[in-house]
Each structure stands twice: as structure tokens, then as C-alpha cells.
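Just the one chain here, the form predicted alone, laid out as C-alpha cells.
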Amino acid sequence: MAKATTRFVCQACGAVTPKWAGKCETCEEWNTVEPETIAPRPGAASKGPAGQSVTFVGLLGDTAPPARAVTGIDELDRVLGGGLVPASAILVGGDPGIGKSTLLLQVAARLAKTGKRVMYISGEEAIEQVRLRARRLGVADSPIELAASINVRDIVASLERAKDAALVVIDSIQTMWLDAIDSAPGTVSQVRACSFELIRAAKANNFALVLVGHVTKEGGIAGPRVLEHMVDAVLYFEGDRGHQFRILRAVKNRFGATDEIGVFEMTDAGLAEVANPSALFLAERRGNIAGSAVFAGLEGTRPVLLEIQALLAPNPGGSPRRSVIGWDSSRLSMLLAVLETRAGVRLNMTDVWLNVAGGLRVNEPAADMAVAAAIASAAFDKPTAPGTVYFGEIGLSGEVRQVAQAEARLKEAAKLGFDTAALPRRVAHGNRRLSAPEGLRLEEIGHIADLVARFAPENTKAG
């Protein structure tokens, strides 16, 4: 009879070692290696029957693809690509208290009121705690089936008997426990094995499965990296708990785009959708202040206007500080070097603080020109024009490069009342002429020195 074996697994990266060590040699994290006992599978020692042949079918198929289940929350449906796909597995991660459970309870309530069978299984809260949250959110009358359990074997057996379930929420995967593995819930082996059993049940019984995942201090989803490969979609819930905005971002989606975002506002009655995030992000903007510029960005297919704020302070000590919130710090360093080398803006003895107002993180290089405008505005203490938006990528030689979806950015700017757009200069080799909205004036900028010249005094030579 086969005996149980013990191995040592790093809880940060999943690396397996034959003996304990204080430091993982793979990820170099301290105190993350823990023992895990693997029980032998019944009948594993004996030779099993020969495998059967696998049936292959054509790619086109004879039946229509399954219809998506629309949740009724447009921001979530946008991120998912149109709704929940039957037999799919979705992983939702985010910081503690960011609103993951709140959002999923609201989604479950909306879907249950349409007549679909929805099951909500909590491993962190008791039934009464979930009911208390439902009353606060105003969804206590929804026909959701609740359960409080961490035993995956019991959960899978119950789900296999519920043949008509449309959505199953597991809150959270780190609390689930499988008795075949002798380790505590939340360990790498438990998370991997529990996820496999739950995803297998979802595929076999044709219901959409949503797993709530905890995140580490670095911001990644806790547990083995293979968990993100096993699921069909990975959604991150971003935002500051001290700020009312919440951003739902897809980083993996087998059934839709991976660059879409959903914007929510945290209220006393739960999460409310933000249909026009540009107006909300700019609601508290104050004009005639140096160091502020409006960026016409793009998140997936959605144009979003954001305020870029820059603050400069003299630092004669020779070690200037660069602090960034909501943008790439390495790109800021590059842009500061270009401003100083190509446009003559002296920043080597100046502290620079940069902030993307509203809590949204900007990842696209099209924000370069808005950041440069905000820094130049702060450097020369001259406000940007109140009705102007900026977008364009800046290269190392100081040239302003074109970016994608310029027309969508311009339409969003015109819709919010802006009258001028500073954008990259269009080259002459066959580019289609931009269709600017009526009333919006285009100002083409070919080099960063041309942008800085708008703010520098006439007797100051940039370049």
C-alpha cells in the first residue's frame, strides 16, 4: 500500500523542494516554504485500464454557440465582453475591502431576479452575515440560494445535483478545503486542487463559475500562478478604499477584449455604475492652476478624459525626488530626460510629483504629451488653456508620435465641452484625414519643444 508523502512548497511561487528552507531559492522570499502531505490516490499503485480513444469533432460545429447571460450591470457586461458565458470560470481579485463581495452579491441578485438559478457559497462569512449585507444593499428579496461551506467535496456534490444553475459564486477560493490534501486552506496545493474540482464541475454542468481571490502585498492574486491559467477570465478590482471610484479591469478574457474597464462608484447602497466616467473624473477640476492638463485617454473601446497633475519644488540638495501615482515611474524618468535634453526644461534640481486624479491607473504611452504639458505648465508657472485636451506619444528624440483611436478621443472631448485638442502632427504618406467634431479645433504638435514653447516666456529659449 502506498504511503503518504511529504513535500515542501513555497506559498508565494509554488516551487517544490524536498526539504525545508528558510528562503525559497526560486522567488527568494523568506518564511514561505511550508510542508504539505499528499495522500495516495486509491488504486494508484495498481495498473489501471487502458485509456479510451478521444472523439474529435470539427471546428465549425453543428450547434450555435451558447447565449451569454446578461447580468444587467452594463459596466460588468462590458468588461466580460457581453455577459457571462455558460460553463466559464472567472477569477475576481482585489485588495481587502475594495468591494469584490459587494459587486458579486449585486450581480447575483440582478441575475436571480431574471428567473435564473443563482447559488452563492461563502467560505468567509456566515449566512446571517451575507443576509445583513444583502439588506444593506437592498437586495434581500432576491431569490439567491445561499450556503456557507468550505468543503469542496460537499460543494461539488451539491452543484452536480443542481443541474439548472446559471451562476455559482465562491467567496473565496482561498478558504476552500479538499480532504484529499493534508494541508491548510489557502496553501498552494489546496488552492490548485480546489479550483480544479470547481472548474471541472462548472464545465460538466454548464454553469458560470465566479471565484473570488485574495491578493498579495505586491498586488497579484495569492496562490499558484497556474490558477490564472486555469480560469477563462481574470478581473482585477482596483481603487483606493479612501476614494469613491472603483475600476474593474480585465487582464485575461477568453471571450472578449482584455483592455476594457468598468467604472463604479462606492455608495452607501453598494456599487453604482458610472455611465460617463470622464465627467466624474473631471468634476473637481479647477482651472487656471499651473501644473494641470487634461488627457484624452482610451481604456479598451472607451474614451476617458482624465486630469494629469504635476507639482514641482526646488531641491538644491542634488538628489531630486520623483514620485508618481497612477503612471509608470520609469516612463516619467524618461520623459523628464527628454524635456531637459530636447526642450531645455531644467529639472535636475527639482522634485517632481505626478498624479492621475481619480484613482485610475494609465498604462498607454499616449499620456506622454499630457504629462509633458502638466510638467511644463508647473515649471513655468503658466496654466494650460482650460478648454484644451492633450494626447500623443513622445519619443527619445523629442518627436510626438501618433496614437490609435484619435477620433474617439476627439469625440469624447467635444462631448464634454472642450474646444481645442493638442495632438500629434499627421504625416503626409497616405494617412486618412481626421474627422474632427464640429467646434473642436486641432493643434498639431510635431516636437516636444513646440509644446514647451507654449508655456515658456518669450525671452526663454527652449531646446
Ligand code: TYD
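We number the residues from 1 along the sequence you see. Here the structure is a predicted model, which is why all the values come from computation and not from measurement.
Below, we turn to the form predicted together with the ligand, even though it does not appear here.
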* Answer range among 378 to 386, 201 to 209, 157 to 165, 93 to 101 for contact with the ligand, defined in the predicted bound form as heavy atoms within 4.5 Å -> 93 to 101
* Asked: Which one, 137, 257, 347, 324, lies within 4.5 Å of the ligand in the predicted bound form by heavy atoms?
  -> 137
* Asked: Which residue among 288, 330, 267, 319 has a heavy atom within 4.5 angstroms of the ligand in the predicted bound form?
  -> 267
* With heavy atoms only and a cut-off of 4.5 Å, decide whether residue 252 touches the ligand in the predicted bound form. => no
* **Proximity of residue 361 to the ligand in the predicted bound form, heavy atoms at 4.5 Å** => no
* Asked: Does any heavy atom of residue 117 come within 4.5 Å of a heavy atom of the ligand in the predicted bound form?
  -> no
* To do: Could you confirm whether residue 133 comes within 4.5 Å of the ligand in the predicted bound form, counting heavy atoms only?
  => yes
